[in-house]
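One chain is shown next in C-alpha cells, namely the form predicted on its own.
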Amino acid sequence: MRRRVGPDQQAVPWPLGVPAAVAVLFLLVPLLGLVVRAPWRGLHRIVVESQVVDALRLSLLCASAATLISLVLGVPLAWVLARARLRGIGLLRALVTLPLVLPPVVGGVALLLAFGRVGLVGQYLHGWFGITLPFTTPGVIVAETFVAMPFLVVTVEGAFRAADRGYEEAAATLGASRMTVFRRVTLPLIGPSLVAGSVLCWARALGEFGATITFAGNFPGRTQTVPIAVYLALEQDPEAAIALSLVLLAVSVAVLVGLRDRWFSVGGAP
C-alpha cells in the first residue's frame, strides 16, 4: 500500500534532501563511532571502579542541587521576565540568558572574579563568614547553576507567557491571594514546561565542564565530575573515557526520550 502523506508533509526535493542527509550523517557518525568503539566487554568493570563511581556520584549530586537552586531562584525570575512591568526588562532578559551563549571557560573566570577569595562578593563571604567557594564541592554547584539556570528560565518564561490568565483571574475574583493563585493555579498550568525546563537544566548541569574546571578545579571525590574525568581519562585511559562518555550519552538520550511528547508530535510540529 502507498503511504499517505499528511497535510503538512511533502515530498523532499533532492536539492534539500541531499544536504539534509549529509547533516544527519555529520551529526550521527560521531555518536556511532562512540558506540562502535566502546569497550563493551569491560564496560561494567570500568564503570564500577572507585574513581569513576565517585565522579558519577558527585555529578549526580551537584547536578541535582544545581537544578533545585535553579527552581527556587529561576521560576520567580521567569515570572518577572514574563509578567512584570519593569523598565529595561528586555535588557534584563538578555543579561540573565547570557550564559546560554557565553563560553563556559569565560563563565568560570567570571565566577572566580565574583566569588573568589578576593572577588567582588567572595571577599566578603570569606572575610565575614569564612566561606570559600572555589575548588570546593559547593563551587561545583555554583558553576553548574550559573550555566544551567538560563535553560530553565527560558523554558518557564515562555510557559508563563502562554498560560491562560483567565483561570488566574477567576481564582483572584473568588478571593485567592496572589501567592495562592501562583501556587494553586499558575504552577499547575505550566507544569509540563516546568518539568521540561528542570530536566534540561539538570542535563546541562550534568554535562558542564568549562566553568566547573575553571572555578572548582579537578580534585577526585570533591570537584571531579564525569565530564572532567572523561577529559583526563582521554589521555591516560581511552577506554575509560569512552565508557564515561557512554554514560553521558545514555543520559542525553533519556532526556530526549522523556521530553519527546513536549517537543514533538506525530506530525513533527511542536
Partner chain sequence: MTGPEVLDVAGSLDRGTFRLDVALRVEPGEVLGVLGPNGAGKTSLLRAVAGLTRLSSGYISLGGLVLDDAEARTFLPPEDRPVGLVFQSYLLFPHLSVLDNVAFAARSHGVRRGPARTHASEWLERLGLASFADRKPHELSGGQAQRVALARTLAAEPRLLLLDEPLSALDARIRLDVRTELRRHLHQFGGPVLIVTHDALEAMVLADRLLVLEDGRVVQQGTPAEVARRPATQYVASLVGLNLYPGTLARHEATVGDVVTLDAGGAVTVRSQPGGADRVLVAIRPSAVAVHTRRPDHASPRNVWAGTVASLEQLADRVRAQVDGVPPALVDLTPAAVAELGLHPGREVWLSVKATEIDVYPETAAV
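Residue numbers count along the first chain shown, from 1. If you're wondering where the values come from, they're calculated on a predicted model, not measured in any experiment.
Unshown form predicted together with the partner chain; subsequent notes refer to it.
Proximity to the partner chain in the predicted bound form, taken as a non-hydrogen atom within 4.5 angstroms, holds for one residue of Ala172, Val121, Leu100, Val105, which is Ala172. Interface residue among Ala159, Val96, Val185, Val199 relative to the partner chain in the predicted bound form, by the heavy atom within 4.5 Å criterion: Val185.
Judged by heavy atoms within 4.5 Å of the partner chain in the predicted bound form, the contact stretch among the candidates 72-80, 123-131, 137-145, 188-196 is 188-196.
Of the heavy atoms in Arg178, some are within 4.5 Å of the partner chain in the predicted bound form. At a distance threshold of 4.5 angstroms between non-hydrogen atoms, Gly166 is in contact with the partner chain in the predicted bound form.
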